[in-house]
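Below sits a lone chain in structure tokens, taken as the form predicted alone.
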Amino acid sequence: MIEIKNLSFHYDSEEEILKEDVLRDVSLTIPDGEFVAVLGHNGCGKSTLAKHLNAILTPSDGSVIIDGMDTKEENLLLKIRQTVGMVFQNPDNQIVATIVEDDVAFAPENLGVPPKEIRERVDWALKSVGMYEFRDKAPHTLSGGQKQRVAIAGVLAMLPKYIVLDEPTAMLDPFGRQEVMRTIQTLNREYHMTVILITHYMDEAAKAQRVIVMDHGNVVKDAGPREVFSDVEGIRALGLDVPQATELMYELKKAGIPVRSDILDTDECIEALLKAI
């Protein structure tokens, strides 16, 4: 599991504003196989938290323990980064080769994986994200969603136990977002991979098993999506929205129509409306 214990962090700088804690006494446990979404307005600390999970950043105070490995231990850095894969917002920053399958093979090659195993890993990773048929294409010819799936495949080829995605759909159109979210859900459900998704899209967070909400470097909510989003006023007070289906149910309930307040998606919304009618 991932154990975050009393984690505080500030950037070292002569500027006073950067000396303030970006994360404040954060404690969380993320067990194997969970799909966790992390929400919060810009500057709340969610991306800083993500970068602590594979030791891009290390705590100013407290600790981050990955399967018993402390991220402050420099001799464990390579093993930690093999255990926790990171996917960032812009796929162009992660794609390094001119052919898709070469890009996915890049990390295993640098880890000294035998050629036969690299071939097996690359094929598996591309099939896992639905990009195997594009294996001999140039990345620049792909759509944004396809590029992001190649970036995810590149991380998968390292065989990580955990995958952290820092706003992977922020630069994509709605179709690209759907492609990437389907991939993320497949990794979690079919391959039992632990997924930590940093996002500002409420509909994406609603698909997770657990939602963590951050504000000013603190964890202010940590529960299932139904419990988190049914508190519409509380979420709004944090400068966030709720899924559209939840918003509609909230307004109908305010108008005196007897509907559930914990509805998250369109199908549940339709069912509730039919019952109300």
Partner chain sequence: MLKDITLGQYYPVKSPLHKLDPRVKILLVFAFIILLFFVQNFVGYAVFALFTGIVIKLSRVPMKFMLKGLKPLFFIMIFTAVLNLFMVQGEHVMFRIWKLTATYEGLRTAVFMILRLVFLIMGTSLLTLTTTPLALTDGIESLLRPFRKIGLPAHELAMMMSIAIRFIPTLLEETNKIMQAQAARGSDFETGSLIKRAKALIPILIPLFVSAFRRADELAVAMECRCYNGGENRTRMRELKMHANDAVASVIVAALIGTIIFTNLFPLFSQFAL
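Positions refer to the first chain, counted from 1. Computed from a predicted model, the values in this text were never measured in an experiment.
Another form exists, predicted together with the partner chain; not displayed. Remarks below refer to it.
Asks: Give a yes or no for Ala105: in the predicted bound form, does one of its heavy atoms lie within 4.5 Å of a heavy atom belonging to the partner chain?
Replies: Yes, Ala105 lies within 4.5 Å of the partner chain in the predicted bound form.
Asks: Although the partner chain is absent from this view, report whether Phe88 comes within 4.5 Å of it in the predicted bound form, heavy atoms only.
Replies: Contact with the partner chain, yes.
Asks: Classify His140 as contacting or not contacting the partner chain in the predicted bound form by the rule of any non-hydrogen atom within 4.5 angstroms, answering yes or no.
Replies: Because a heavy atom of His140 falls inside 4.5 Å of the partner chain in the predicted bound form, the answer is yes.
Asks: May I ask you to state whether Ser47 is within 4.5 Å of the partner chain in the predicted bound form, using heavy atom distances?
Replies: Close contact is absent here: in the predicted bound form, Ser47 is far from the partner chain, nothing within 4.5 Å, heavy atoms only.
Asks: Out of the stretches listed (34-42, 219-227, 54-62, 241-249), which one is close to the partner chain in the predicted bound form, meaning heavy atoms within 4.5 Å?
Replies: That would be stretch 54-62.
Asks: Between Gln146, Gln94, Thr183, Thr194, only one gets a heavy atom within 4.5 angstroms of the partner chain in the predicted bound form; which residue is that?
Replies: The residue from Gln146, Gln94, Thr183, Thr194 that makes the contact is Gln94.
Asks: Which residue, Glu167, Glu179, Glu101, Glu204, has a heavy atom that falls within 4.5 Å of the partner chain in the predicted bound form?
Replies: Selected option: Glu101.
Asks: Judged by heavy atom distances of 4.5 Å or less, which residues of 74-88 approach the partner chain in the predicted bound form?
Replies: Result: Leu78, Arg81, Gln82, Met86, Phe88.
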